[in-house]
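Only one chain is shown below, in structure tokens, and it's the form predicted on its own.
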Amino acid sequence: MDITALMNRNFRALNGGLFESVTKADVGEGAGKLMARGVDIMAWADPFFPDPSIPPAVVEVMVDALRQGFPSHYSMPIGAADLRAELALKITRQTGLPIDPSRNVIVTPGSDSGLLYAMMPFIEPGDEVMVADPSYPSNFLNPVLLGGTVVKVPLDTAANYAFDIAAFEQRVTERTKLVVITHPNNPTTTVFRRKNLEELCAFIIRHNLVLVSDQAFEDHIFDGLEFVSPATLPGMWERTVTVCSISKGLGLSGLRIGYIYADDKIMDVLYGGAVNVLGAAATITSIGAVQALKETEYLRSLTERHERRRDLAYRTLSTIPGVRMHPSESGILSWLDVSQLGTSEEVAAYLLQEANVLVNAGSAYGEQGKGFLRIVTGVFADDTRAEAAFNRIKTALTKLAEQKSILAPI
């Protein structure tokens, strides 16, 4: 019996690795088996993985809470009140928006579930969702799971992956409902400039669309670049759903705390379905997140660490023959053009074999990711260990370039 024939057709193509091999690091047990073999995982966007990264003050409040016994109980499905209050303060500090923690914020068990939930109220069968390409893979999959149709809109590679408004205009139809972006962009690390965002938002308003802005990497911006949340731009507050996380910014991926902020007319619906779709974030990690959000100096120190690691990765990887890259503008990622060396899948497989590291094939990030690798350069707490991994990548790819008679740039 083929039980999948009775499934929702939007789910039938999903492959969890039980019957066929899966190369994505976050699907099935593939990455776990590689870790057991001693492979360095540079494919999970998890800061400092696998090393400890919990600030001592956060450990202390969670241990105290466990001793008192309260974490055995539910938090509210929309998020604990004190956590929403701290998140509202953080959002207001970053954006200037007057956020009401009881009307504009909801806590999610990580930003992945938050992204799906942000789209759910808006997508009906037949709706089209415009997704900037390249982008986070979930942004291409989620609309399909909800019955929508994804329309990939290429970013302008010649302009540092800026939004190409003409490309959006060429693809918009009467069925278009939603625009989805990652900002800063995952995987390219691009911080979209104010003028470019204003142009995109004018397009969204002109066509009466909704914006879902995935801002998981917003906390670490380099080189003095301005970060603008689209929700702050004129006419956008009432039509923007912003999805964030403490995973990338505070290096607390395992706490599984994400959050959404939006206008109260949107939030009323999200509050209404929270118990059915999200459940509640874990009580113990919610307690830890409250303390973590108060550690503003710690957050600033992490930006300095990530920028230093960015520089180290760029110095090492940008000199590889046949590889082109730009210094990352944000976060913990590096985006490498390896198209001279082979396909994304070929080069990623080669690095697994020759350098004992798992990286992301860029093809998972859209049509424009073909020929690229996404490497999570912000793993490992120790710069020395990271540098050793970067050098193994460099040695392996230099060997591959020699095999293909590609010379180092002069």
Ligand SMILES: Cc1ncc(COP(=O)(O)O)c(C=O)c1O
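Residues carry their position along the shown sequence, with the first being 1. None of these values were measured; they are calculated from a predicted model.
Another form, the form predicted in complex with the ligand, is not on view; read the next lines as being about it.
- Although the ligand is omitted here, in the predicted bound form none of Thr188, His326 and Val338 has a heavy atom within 4.5 Å of it.
- Although the partner is absent here, Asp214 is a contact residue: one of its heavy atoms lies within 4.5 angstroms of the ligand in the predicted bound form.
- Looking at Gly148, you'd find every heavy atom of it more than 4.5 angstroms from the ligand in the predicted bound form.
- Under a 4.5 angstroms non-hydrogen atom cutoff, the ligand in the predicted bound form has Gly110 among its neighbouring residues.
- The ligand is not drawn, but in the predicted bound form it has a heavy atom within 4.5 Å of Arg256.
- Only one of 179-187, 297-305, 76-84, 123-131 lies within 4.5 Å of the ligand in the predicted bound form by heavy atoms, and it is 179-187.
- Checked against the ligand in the predicted bound form, the residues Ala281, Leu115, Ala313, Ala289 give one hit for a heavy atom within 4.5 Å, which is Leu115.
- None of Thr240, Ser229, Ser247, Asn142 but one reaches within 4.5 angstroms of the ligand in the predicted bound form through a heavy atom, and that residue is Ser247.
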